[in-house]
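Given next, in structure tokens, is a single chain: the form predicted on its own.
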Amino acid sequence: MPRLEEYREIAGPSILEELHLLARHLKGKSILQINSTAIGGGVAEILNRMVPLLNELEIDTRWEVIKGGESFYAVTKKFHNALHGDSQTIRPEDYQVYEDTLDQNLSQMSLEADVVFIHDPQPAALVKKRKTLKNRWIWRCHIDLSEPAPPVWDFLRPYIEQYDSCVFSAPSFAQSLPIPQILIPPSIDPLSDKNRELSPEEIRAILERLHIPTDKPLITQVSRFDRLKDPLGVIEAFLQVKPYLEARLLLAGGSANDDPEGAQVLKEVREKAEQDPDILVLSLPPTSHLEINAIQRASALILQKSIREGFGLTVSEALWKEKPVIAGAVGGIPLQIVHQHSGILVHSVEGAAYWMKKLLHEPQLAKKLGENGKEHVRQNFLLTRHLRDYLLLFLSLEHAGSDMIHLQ
């Protein structure tokens, strides 16, 4: 894992000095991070990079993953979709599965830490244990909560209200809650295998191994096979512009351990892709970071045509590689893309098709969008900024009730 000093050239020396200053006031404190999966998805990727850096700053940090069976993850996937606004049929026994699973986890977990940092709805009810502990609790919601379905949110809200504070990725996700709500967008690690520089030889070797042809410009969407990422809409958009350009579409991604719908969506995508030999579907293991890096760097154009989105880290990943990105104007994506400056925001299949055609026919515009996008990510969405925001959050909990914190 990279050490903090390795980020100096990318992030600048001032932010490293700030990180060490903040960490000095938290030295010896303990942080427990809890989520639902160790691999697959942006939360696991961020924690994998964030936890070692917190420990390097002498903030004792450990990371635990809750355990659950198929029935639990089927229920929490329903929760996930409902919190994104989809209509879901959730029965009383589903809520009971959720409660029972977290009770089992509580009987096996140690929650002794100065700060317990819970990520997303799956482990949210662990907070019921805090009554017996003298520590601080944070709920970090990584999903789009702008229009949650009332039954699920009404079920989760009493748990969320027991936290000391909650963290959202975009202002539109804020809810009516009696606890402080903090805006902290996610981040990418520029030194990870998914984002570090690759040589042309490395890129070529990876594409050859994956049997991805390079004889035509590559239009790519990298994401889980999830209906909210709208892979079928991406195929529709590509088929609309296919008569006007020579290009190939690649849908690359995989699934997370806590997403039981992925296999069905992948099957639907493959069936729809069969109608055109220029549409490639690639299912990758969740550890395929170098492969995703190479695919993005080899692409002429990146899509993230989400219908709902918590943040969409693949947007920042692509922008960091100076790629023009067309993405759905939902969730946290508009924080990453200023329309026609650092990328393109769309609201429909037709809009995605229009901009695919335009950017492939106007390479100078595409190049400028990519350049602007990389600088926007450098200023706002790197891991070092994210780490600073978390340190400030931990300090605010240490000084709860204070209007001002003095650091010397």
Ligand code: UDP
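The model shown is predicted, which means the values in this text are computed figures rather than measured ones. Residue indices: 1-based, along the sequence shown.
Below: the form predicted together with this ligand, not depicted.
For the residues Gln122, Ser169, Thr314, Thr220, the 4.5 Å heavy atom test against this ligand in the model of the complex is passed only by Thr314. Checked against this ligand in the model of the complex, the candidates Gly253, Pro324, Gly331, Pro231 yield a single residue with a heavy atom inside 4.5 Å, and that residue is Gly253. The shortest heavy atom separation between Glu309 and this ligand in the model of the complex is within 4.5 Å. Among residues of the shown chain, Ile292 is one whose heavy atoms approach this ligand to within 4.5 Å in the model of the complex. With a 4.5 Å cutoff on heavy atoms, Gly370 does not count as touching this ligand in the model of the complex; it lies far away. Put simply, Lys305 is far from this ligand in the model of the complex: not one heavy atom of it is within 4.5 Å.
Annotated contact segment (heavy atom within 4.5 Å of this ligand in the model of the complex): 37 to 45, selected among 37 to 45, 340 to 348, 22 to 30, 379 to 387. Of all the residues from 184 to 206, the single one having a non-hydrogen atom no more than 4.5 Å from this ligand in the model of the complex is Lys194.
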